[in-house]
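First, one chain by itself: the form predicted on its own, in structure tokens.
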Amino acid sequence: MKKVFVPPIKSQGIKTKLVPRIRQAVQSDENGKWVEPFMGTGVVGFNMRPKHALFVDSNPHIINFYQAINNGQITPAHARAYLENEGRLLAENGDEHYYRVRKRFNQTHAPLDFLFLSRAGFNGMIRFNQKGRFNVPFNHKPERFSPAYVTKVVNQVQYVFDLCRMNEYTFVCQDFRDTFEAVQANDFVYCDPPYMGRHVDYFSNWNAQDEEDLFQLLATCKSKFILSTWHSNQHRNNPAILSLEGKYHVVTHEHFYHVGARETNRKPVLEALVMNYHPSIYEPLHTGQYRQAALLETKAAYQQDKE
């Protein structure tokens, strides 16, 4: 199996473990653009390694970070020197230095400070308050940036740096609605929007109107697309999936998210890939009683909401 690249910016809900499934389903035209209206960490697009790509997100800090790599403002050598220095100060001063960097970032929005916070913050979370300020607490690991860990992160920066040199990538902070206006027939769109009711405070809120607008844009999308969304978990279901299963090809796969500080918080989620074309995967990626029970429960919830 082809190795999956992990990007330098990580966050909750990252699709690292789903990349092989997504890669299997993608049918893209190398002459078109890879378009991501919700870039997030960029893990999917960076693993697809397209020749031309438009990476978009509403979070300006993610875009600023990758744009800085794209234009050469951040190089692997620059990232190493920064992490070694900040890591030393973190080891010496602990949470005092973490909160000093957090305060500095909320004032200057420096891209490398964003990288530091995403790696030194609690549980790798990316979260902002209503004023747009990063508010994740310290992870209580002052020795976080060991030489081996710094090298690991620098290698991840190197990977993206090399991709940007070999290909034509554009990073833009804008609304997803504006992104769809530029999509052409030979492009390929990968959508990983915030999930309703789950992790919606990552930067900007995601509401029912946003989801409805996205579904309308997908219905008239000129190109092939894959939409990543959640189907169900042990406690809740996603009624919106019913409006998609009859119109598009939907395959599912059980996935685990470790959200909390304890392993007991590692919960299974049935993830769905929704496509407007017939994928090379002819059978569902996940079958069995769990999916059947989840679908029945989702249908019941859907009917109850309608009533």
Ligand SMILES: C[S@@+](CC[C@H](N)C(=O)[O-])C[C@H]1O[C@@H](n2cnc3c(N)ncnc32)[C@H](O)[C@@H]1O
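Counting begins at 1, following the sequence as shown. Just so it is clear, the structure is predicted and the values come from calculations on it, not from any experiment.
Although not depicted, the form predicted together with the ligand is the subject of the following passage.
Looking at the ligand in the model of the complex, is some heavy atom of each of Met39, Gly42 and Pro194 within 4.5 Å of it?
Spot residues vs the ligand: full contact, yes.
So which of Thr170, Gln184, Gln174, Gln216 reaches within 4.5 angstroms of the ligand in the model of the complex, heavy atom to heavy atom?
Looking at Thr170, Gln184, Gln174, Gln216 one by one, just Gln174 meets the 4.5 Å heavy-atom criterion.
Among the candidate residues Phe188, Tyr82, Trp206, Phe138, which is the single one with a non-hydrogen atom no more than 4.5 Å from the ligand in the model of the complex?
The residue from Phe188, Tyr82, Trp206, Phe138 that makes the contact is Trp206.
Taking 4.5 angstroms as the heavy atom distance cut-off, pick the stretch from 54 to 62, 239 to 247, 269 to 277, 24 to 32 that is near the ligand in the model of the complex.
Contact-bearing stretch, as computed: 54 to 62.
Using a 4.5 Å heavy atom cutoff, which residues in 5 to 22 contact the ligand in the model of the complex? It's fine if the answer is none.
Stretch hits, in order: Gly13, Ile14, Lys15.
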